[in-house]
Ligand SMILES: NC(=O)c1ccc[n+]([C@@H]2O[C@H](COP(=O)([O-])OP(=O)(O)OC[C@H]3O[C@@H](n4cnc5c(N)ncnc54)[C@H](O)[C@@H]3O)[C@@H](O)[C@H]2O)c1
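Only one chain is shown below, in structure tokens, and it's the form predicted alone.
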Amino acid sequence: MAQLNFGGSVENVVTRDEFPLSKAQEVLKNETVAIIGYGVQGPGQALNQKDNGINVIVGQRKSSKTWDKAVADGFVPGETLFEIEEALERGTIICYLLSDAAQIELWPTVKKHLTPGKALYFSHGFGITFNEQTGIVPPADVDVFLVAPKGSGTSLRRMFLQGRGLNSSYAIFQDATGKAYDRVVALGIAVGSGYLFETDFKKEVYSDLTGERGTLMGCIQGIFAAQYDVLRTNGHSPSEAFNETVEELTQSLMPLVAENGMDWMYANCSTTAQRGALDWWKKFRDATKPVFEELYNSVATGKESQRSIDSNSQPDYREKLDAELAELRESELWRAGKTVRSLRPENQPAEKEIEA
């Protein structure tokens, strides 16, 4: 295991150099990896493992749209695609990739198939960390671990097909066989991780829930909406407000941050932009830090997990979710964005060749 310096702190990481795909294939050669859940993370993880030569099967309800999606993705009924209980019986490593609410519902069925020596794999620490709320308590004679890609299953698959990798965290909750480390790292490589960094179930879910509600999703939408509203209130057109709020950030500036850090992005902007950013960033930090502290406390005390369970377990959850997403989609901000995106050069029809 490599040790790297992250901003002055030394952390354990696993790279593809020290744990290449060939080693992962050797570790997993006698395993059957059963993917239970083919929604958000399932397809990307299943297809990447399949393409990497791992013996992977999918468990889904036969009457579901996700069963049809798995068939369309190349999984064969009766060979690599099975009803959930049969996949659970066949699998030696159970990748439990259902939504958190669905994991609670299916847990009694999963638990009875966790025979000694099997492994239970998560991509989120939710079910184990908040087990007083979820009831998910694995038997003592199975391995329990997680690999949590730092992005959506869609991004994991796209980056894999591009020859890239999405960084992932890994954690071992229970090592019943003495093989948990090799199993979890092999799976992390097989699903397409760029590198793996060490964590535990509690830290993974605390940071994940904070990030999703914070800078990754909730906070950034709030900041977008606030700036867009101020610009519109002061007479700026929708196209100008969207470009200065979202488009320039996503298309021009964030790629520079991803490439070489925030200072690199600043250095590639005008001196006027640099001066303004350097003057204002600490004000935004100070203004938002109390909100992040409130958010983290809400996660740590179990309020966020309970709200998620209560909300996502309702029979009309999907209808309510669709309505909330429609509110975002139909806001002026994102309707303006749809038009702006349509005008990007790559979205324009190819020019006809000029006849001689």
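Every value quoted in this text rests on a predicted model; they were computed, and no experiment measured them. All residue numbers refer to positions in the sequence shown, first residue = 1.
FYI, the form predicted in complex with the ligand isn't displayed, but the following is about it.
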Subject >> All of I223, S308 and D322 with a heavy atom within 4.5 Å of the ligand in the predicted bound form >> reply: no
Subject >> the ligand contact in the predicted bound form: Q314, any heavy atom under 4.5 Å >> reply: no
Original post:
Would V40 sit within 4.5 Å of the ligand in the predicted bound form, counting heavy atoms only?
Top reply: yes
**OP:** Examine S123 and determine whether its closest non-hydrogen atom to the ligand in the predicted bound form is within 4.5 angstroms.
**Re:** yes
Original post:
Is there any non-hydrogen atom of A102 lying within 4.5 Å of the ligand in the predicted bound form?
Top reply: yes
Original post:
Thinking of the ligand in the predicted bound form, which stretch from 26 to 34, 327 to 335, 291 to 299, 40 to 48 has heavy atoms inside 4.5 Å of it?
Top reply: 40 to 48
Original post:
Ok, T215, S152, Q227, Q274: which has a heavy atom sitting within 4.5 Å of the ligand in the predicted bound form?
Top reply: S152
Subject >> Proximity to the ligand in the predicted bound form, single hit among I136, A87, L114, L98 (heavy atom within 4.5 Å) >> reply: L98
Original post:
Counting only heavy atoms, which residues in 48 to 87 are within 4.5 Å of the ligand in the predicted bound form?
Top reply: Q60, R61, T66, I84
